[in-house]
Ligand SMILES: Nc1ncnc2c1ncn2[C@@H]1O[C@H](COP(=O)(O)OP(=O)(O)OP(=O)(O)O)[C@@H](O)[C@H]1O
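We begin with a single chain expressed as C-alpha cells, specifically the form predicted alone.
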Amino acid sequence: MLEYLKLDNVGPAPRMEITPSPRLNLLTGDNGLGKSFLLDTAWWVLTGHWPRDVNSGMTTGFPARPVDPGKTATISSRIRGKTKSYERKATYSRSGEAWVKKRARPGMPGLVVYAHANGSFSVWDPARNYWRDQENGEEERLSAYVFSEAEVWDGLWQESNGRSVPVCNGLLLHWAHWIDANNDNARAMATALSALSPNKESEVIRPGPLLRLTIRDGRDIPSIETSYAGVVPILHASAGIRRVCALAYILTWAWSEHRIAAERRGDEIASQIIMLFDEVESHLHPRWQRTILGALRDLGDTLFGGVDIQLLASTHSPLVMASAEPWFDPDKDAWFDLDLEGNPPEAKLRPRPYTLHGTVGSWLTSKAFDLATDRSSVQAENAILRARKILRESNPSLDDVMDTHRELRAALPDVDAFWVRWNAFVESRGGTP
C-alpha cells in the first residue's frame, strides 16, 4: 500500500505531497496541473520503473524531470509491505540524467495495475517482476508488463535474456481461448464484466459466442451480447465497452498469472492490489460514470476473493465525484485537489474535505471543478454573472437591466430557476419581463 508520496522540484508543481487513504483516493484539478504526472510517479515509486522506459511504444509515463535543473530534485515515499513500512528517497542526478536511490529490495506493495487515460495499461507483479538475485541464482525477471493500447488486444512481446518472447497473448487470443476451454478465467472475465456493468439487471455486459469477422480472418473473435443489437464482435463494440472489456481482461489476466507464479515459486499470494486509474470516466456514459467507482471498490471481493484494493483515480467528472456520496468514509477514503494559487500562480495539491453536495450542478461549483455557476454553456454563465452584478448595484439603469434581460433570454431556458428572482427584479425597475 502507498502510504506517502512527496515530490520536491519535480513535475508541474514545485512541491507535491500526498498521504493516500487505504481504500479510495480521488484526484481532481484542471488539465496540465499534474494529476497524470502524480499517478506516473506513484507507479514509479511502487515498481521502480517508468512505463515509457519499459515500453518505448508508450506515449505516456515518461520519466520525471526537475522543474529547475539547477536545484535539487527529490522523490520521497513510504510503502507498506507485508509486515512493515519502507521509506525511500530518490535524488535526481543531472550528470546521469536519472533518479538515484539506495539499491535495496523494496517492501512488497502487492499487485500494481495502472490504467492509463489513453487505453494503455501497466502491470507490476511481485511474483514475476524483480531484478536478478545472484545469491539464489535467479534469472533476471522482466521489469514490468507495460501494454500500449494495441498490445492489450494483440499481445505483448518483450526482450528477455537477449531474445524476444511472448509474455501475454492479448485480449483477443486469451479471451477466445478461455471461452473455448470454459475455464476459470472465462468465468472470472464474465464476473468482472458483470461487476463493471452500469446496471446489474438490465445493462450487464455478457460474453457471447466466438465469431469470425470475414472468411479471410481465421481468428475466433470474442463477442458480447447486447439488448439492442444482438451479438456484437468485441472489435465492433463502442469505445466505452472496449475500455471496460480491456480493464476486465487486464485484471483477470494479471491476477491469474500472479496466482500461477506465486504457487510455482512457493510465495504467498498478494493480499492487496493497488490500482492507479487516470481519467476513470474516459469514454463512459453518465450511467456508467455513476457506478464505476463503486464497482472498482468492490472488485476485491467480487473478482479477487477478499483482497484489499487501494485505488488512486483522477477524474474530470462531477458524476464520478457525486457517485461516492452514499458510501464515502473519511477513515478509508480521501479527495485531493490541484489548484493554481499565488502570484505568480503555482499548482498546489491539497486534501479537501469530502462533503455531500447532492447534485451534479453543486459539484460543478465545488472546489473540485471551480466553475462560477452550474450552467451548461459559457454564454449562460456570463449572462448569469452579469445579472448577479446588476442585482448587487444600488441603482442600475433600466437600459442595463433590459440589455442583461435580453442576454439572459438568449442563453437560459424558460424553466431556469433564476427567472423567478430576475423577473421580479425587472418589474421592480419598471421593465417588462
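All residue numbers are counted from 1 along the displayed sequence. The model shown is predicted, which means the values in this text are computed figures rather than measured ones.
The same protein also exists as the form predicted together with the named molecule; that form is not shown, yet it is the one meant from here on.
Option from 373-381, 387-395, 59-67, 360-368 whose residues, in the predicted bound form, bring a heavy atom within 4.5 Å of the named molecule: The contacting stretch is 59-67.
Contact label in the predicted bound form: residue 33 to the named molecule, heavy atom within 4.5 Å: Residue 33: yes, in contact with the named molecule in the predicted bound form.
Contact label in the predicted bound form: residue 37 to the named molecule, heavy atom within 4.5 Å: Taking the distances in the predicted bound form, the answer for residue 37 is yes, it comes within 4.5 Å of the named molecule.
Contact flag, residue 12 vs the named molecule in the predicted bound form, heavy atom cut 4.5 Å: The answer is yes: residue 12 has a heavy atom within 4.5 Å of the named molecule.
Residue 177: touches the named molecule in the predicted bound form, heavy atom cutoff 4.5 angstroms: Heavy-atom contact with the named molecule at 4.5 Å: absent for residue 177.
Listed residue (348, 316, 285, 352) with a non-hydrogen atom within 4.5 angstroms of the named molecule in the predicted bound form: By the 4.5 Å heavy-atom cutoff, the listed residue in contact is 316.
Selected contact from 333, 337, 279, 151, since only one has a non-hydrogen atom within 4.5 angstroms of the named molecule in the predicted bound form: Result of the distance check: 279.
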